[in-house]
Ligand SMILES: Cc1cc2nc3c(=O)[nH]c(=O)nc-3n(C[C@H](O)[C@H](O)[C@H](O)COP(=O)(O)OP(=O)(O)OC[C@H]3O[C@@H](n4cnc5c(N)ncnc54)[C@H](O)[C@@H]3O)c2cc1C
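Only one chain comes next, encoded as structure tokens, the form predicted on its own.
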């Protein structure tokens, strides 16, 4: 198979480019194949100078006939259209495993009618690129091959390798002008503050699903999380709807969690969500007694969270006050 390795960095982080050079070394050792490493810099998102430090063979500066590209959901459609044109004959397309990188990878793979694997590492087996990633909460490891189209993958930039011989020399540069339209479907873009810690490090999580019916439902989810000393998460639909920031999303296209307590509220429990959930105790709240989420429950609450949630929050807070009072009383006795 021929074609270059197409790298799409989001910043001056050169980890993706170093990994690409490492893959070229392995391909050369196994089958004598040495594809070029080409860095793509979308005008307005990453400047060409930022990716030169990774010593790609070539930097492609992609500019629009009118305006610039933008990062984030509003900019995925025009970037994926331009990237798909560039990647038609590529050996593989590599992006960082971030929310934006994942969205861009999925949209590009769809245009290429090819495969997309997120949060993976690339392996070389007899000259073929395979995507390796953990499954079932880290209890299994899978290697995925691609039947057609260039593989489009997102890689964890904290777990990548480096080439044994760092590349040298200045990369060639060229500018490609494209005529792509802005995504008119995006009417409103809002930036949310993210005051909470990383979900991947949380020990307790209360998450809301689309079954809440409205973004206001997350006020109740937040109250319940506060009462439990937990972080707030969500399934994918609320994230896609903009009810919560993308970094709150749990699932295959979001965060993988490993917690002592998980309380999914109005979440059905489909496989794309549950594949990324590893919980010591799982206590769902859902109005549908047949919801798949109850198959994973230690204890489940069948009911409307709007009816039972406030009472549960009050009970948890009273219990917490009771514990605090008990502790003070114990200290007084000790004195």
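Numbering follows the first chain given and starts at 1. Quantities reported herein were computed from a predicted structural model and do not represent experimental measurements. Only the largest set of C-alpha atoms that superpose within 1.5 Å between the two forms is called the rigid core.
What comes next is about the form predicted together with this ligand, which is not displayed.
Query raised in the report: For the unliganded chain shown, is the site open or blocked after superimposing this ligand from its bound pose in the model of the complex, using a cut-off of 2.4 Å to backbone and C-beta atoms and a threshold of 3 ligand atoms?
Result: After superposition, this ligand sits free of the main chain and C-betas, so open.
Query - Distance check, residue 281 to this ligand in the model of the complex, heavy atom within 4.5 Å - result: Judged by the heavy-atom cut-off of 4.5 Å, residue 281 is well away from this ligand in the model of the complex.
Requested in this report: Could you confirm whether residue 291 comes within 4.5 Å of this ligand in the model of the complex, counting heavy atoms only?
Outcome: Yes, residue 291 is a contact residue.
Report task. Answer with yes or no whether residue 272 is in contact with this ligand in the model of the complex, where contact means some heavy atom within 4.5 Å. Result -> Yes, contact at 4.5 Å.
**Report entry** Interface membership of residue 155, this ligand in the model of the complex, 4.5 Å heavy atom rule
**Finding:** No, no contact at 4.5 Å.
Query raised in the report: With the partner removed from view, which of 83-91, 104-112, 70-78, 229-237 is the stretch that lies within 4.5 Å of this ligand in the model of the complex, judged by heavy atom distances?
Result: Correct option: 229-237.
Query raised in the report: Taking 30, 37 and 55 together, does each of them reach this ligand in the model of the complex with some heavy atom inside 4.5 Å?
Result: Per the other structure, none of 30, 37 and 55 touch this ligand.
Query raised in the report: Among the candidate residues 26, 305, 45, 50, which is the single one with a non-hydrogen atom no more than 4.5 Å from this ligand in the model of the complex?
Result: Checking each option against this ligand in the model of the complex, the one that comes within 4.5 Å is 305.
Query raised in the report: Which residues, if any, of 260-287 lie within 4.5 Å of this ligand in the model of the complex when only heavy atoms count?
Result: The stretch 260-287, when checked against this ligand in the model of the complex, contributes 266, 267, 268, 269, 270, 272, 273, 285, 286, 287 at the 4.5 Å heavy-atom cut-off.
Query - Core-superposed comparison between the shown form and the other one, residue 150 Cα displacement 2 Å or beyond - result: Residue 150: C-alpha displaced by less than 2 Å between the shown form and the other one.
Query - Exceeds or equals 2 Å, Cα of residue 303 between the shown form and the other one, core fit - result: Comparing forms between the shown form and the other one, the residue 303 CA shifts at least 2 Å.
Requested in this report: For residue 34, decide whether the Cα shift between the shown form and the other one is 2 Å or greater, given a superposition on the rigid core.
Outcome: It does not reach a 2 Å shift.
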